[in-house]
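One chain follows as structure tokens, the form predicted alone.
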Amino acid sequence: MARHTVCRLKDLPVGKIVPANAGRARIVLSRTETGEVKAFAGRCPHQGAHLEFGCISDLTQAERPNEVSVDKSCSVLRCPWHGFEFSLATGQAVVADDRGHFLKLRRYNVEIDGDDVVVVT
């Protein structure tokens, strides 16, 4: 396993997407409200969109038309092309794709070493 220092912790604002390189892999990082740092592959598994142009938000749900609720306990990374939402906790898509499959982002282990963010590939 290789360890890559990708950025400083102070350069990761809460709730934002920060692109970085971990060796030859393009990844995206995000810092949660609790301070945890998440790292995922930088391309959407649906059609390859660059996730660095996506956004982080709370999960929105609806059981009936025109009744939307917001789940602040679940943050998602939203793809910029087709709006696929992936859980920041697991990397799994919130809903199935058009073939009924639940896509999943590749997750990377993250370590904090002082003020350095280190990604293990």
Partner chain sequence: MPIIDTDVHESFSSLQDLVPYLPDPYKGWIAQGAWRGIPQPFCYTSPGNGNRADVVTEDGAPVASDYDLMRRQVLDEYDLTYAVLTGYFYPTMLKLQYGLGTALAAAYNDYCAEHWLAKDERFIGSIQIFARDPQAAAREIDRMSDHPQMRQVMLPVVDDIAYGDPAYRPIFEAADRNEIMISFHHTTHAQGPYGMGLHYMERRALLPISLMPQVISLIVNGVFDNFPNLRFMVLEGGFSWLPHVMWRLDRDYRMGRVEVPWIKKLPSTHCRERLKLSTQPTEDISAENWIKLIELMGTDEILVFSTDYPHFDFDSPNAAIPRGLPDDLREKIFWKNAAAFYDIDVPLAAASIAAE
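Just so we're clear, the structure is a prediction, and the values are computed from it rather than from any experiment. Residue numbers count along the first chain shown, from 1. We call the rigid core whatever largest set of C-alpha positions still superposes within 1.5 Å between the two forms.
Same protein, other form: the form predicted together with the partner chain, not shown, and the subject of what follows.
- Residues placing heavy atoms within 4.5 Å of the partner chain in the predicted bound form fall in a single listed stretch, namely 94-102, out of 19-27, 107-115, 5-13, 94-102.
- In the predicted bound form, at least one heavy atom of Leu59 sits within 4.5 Å of the partner chain.
- By the criterion of a heavy atom within 4.5 Å, Arg78 is counted among the residues contacting the partner chain in the predicted bound form.
- Although the partner is absent here, Asn66 sits close enough that one of its heavy atoms falls within 4.5 Å of the partner chain in the predicted bound form.
- Using a 4.5 Å cutoff between non-hydrogen atoms, His50 does not count as a contact of the partner chain in the predicted bound form.
- Comparing the forms between the shown form and the other one, the C-alpha position of Glu111 differs by less than 2 angstroms, with the core used for superposition.
- In a rigid-core overlay of the protein, Val95 has its C-alpha displaced by under 2 Å between the shown form and the other one.
- For Asn66, the Cα coordinates differ by 2 angstroms or more between the shown form and the other one after the core has been superposed.
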